[in-house]
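Just the one chain here, laid out as structure tokens, in the form predicted alone.
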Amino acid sequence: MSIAPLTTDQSDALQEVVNIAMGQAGDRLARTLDVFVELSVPRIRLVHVSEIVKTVRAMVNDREAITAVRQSFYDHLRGEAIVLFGASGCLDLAVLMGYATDLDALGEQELLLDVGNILIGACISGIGAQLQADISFYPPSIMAEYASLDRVLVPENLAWEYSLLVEVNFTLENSNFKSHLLILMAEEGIESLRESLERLMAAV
């Protein structure tokens, strides 16, 4: 199965929608942590499942072990979001969130689930609001802990052939903390997104 990529106009519209939604997510995280949050420019591309690890590795450019939080969303727009956390920044994040510096494994999981939920919820909800698309969420879960990227994203375990991949990274000022938010929309989700973008452009 193949799927047509977004047109230039659709890609430009999605870029603007994601920019606004990512800004909202960054602002919410900044207010939670009381620290300035820096965002990258969102990157958007259509990828085949066999290329997912290579593509994400080129985007993330990070070889340290990562912990991943995963949350699926559904209704008019469907897909899943994954937040990748670098191990070195977890201590800084714990301090900013008011946790003890000797955070145990369960406490660290709760911390990353909280932050992942903030980023995913604000971003996906922001996209849905702009596109006037209903979106519901499954609870977030820990997808992997201190693992390499190729153990987090295993092509054989992904239930799609093509996916629209949106990536942005978040860093905190004067901190080692860094995270990458990946949004993956599979074939059916892409078509729903395309329709929503067309409605948005027609209304402008």
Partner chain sequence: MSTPVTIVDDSSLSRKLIIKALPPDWNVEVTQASNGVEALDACRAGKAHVMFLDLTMPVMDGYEVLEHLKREGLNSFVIVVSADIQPKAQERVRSMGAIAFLKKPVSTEQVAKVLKDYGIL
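Positions refer to the first chain, counted from 1. Bear in mind that the values here come from a model prediction, so they are computed numbers and not experimental data.
Keep in mind the form predicted in complex with the partner chain is missing from the figure; the text below concerns it.
With a 4.5 Å cutoff on heavy atoms, Ala13 counts as touching the partner chain in the predicted bound form. Residue contact check for Pro140: none of its heavy atoms lie within 4.5 Å of the partner chain in the predicted bound form.
Under a 4.5 angstroms non-hydrogen atom cutoff, the partner chain in the predicted bound form has Leu200 among its neighbouring residues. Residue contact check for Val37: one or more of its heavy atoms lie within 4.5 Å of the partner chain in the predicted bound form. Figure note: of the listed segments 40-48, 141-149, 156-164, 64-72, the one touching the partner chain in the predicted bound form, with heavy atoms no more than 4.5 Å away, is 40-48. Although the partner is absent from the chain shown here, Gly23, Gly26 and Ala30 each have a heavy atom within 4.5 Å of the partner chain in the predicted bound form.
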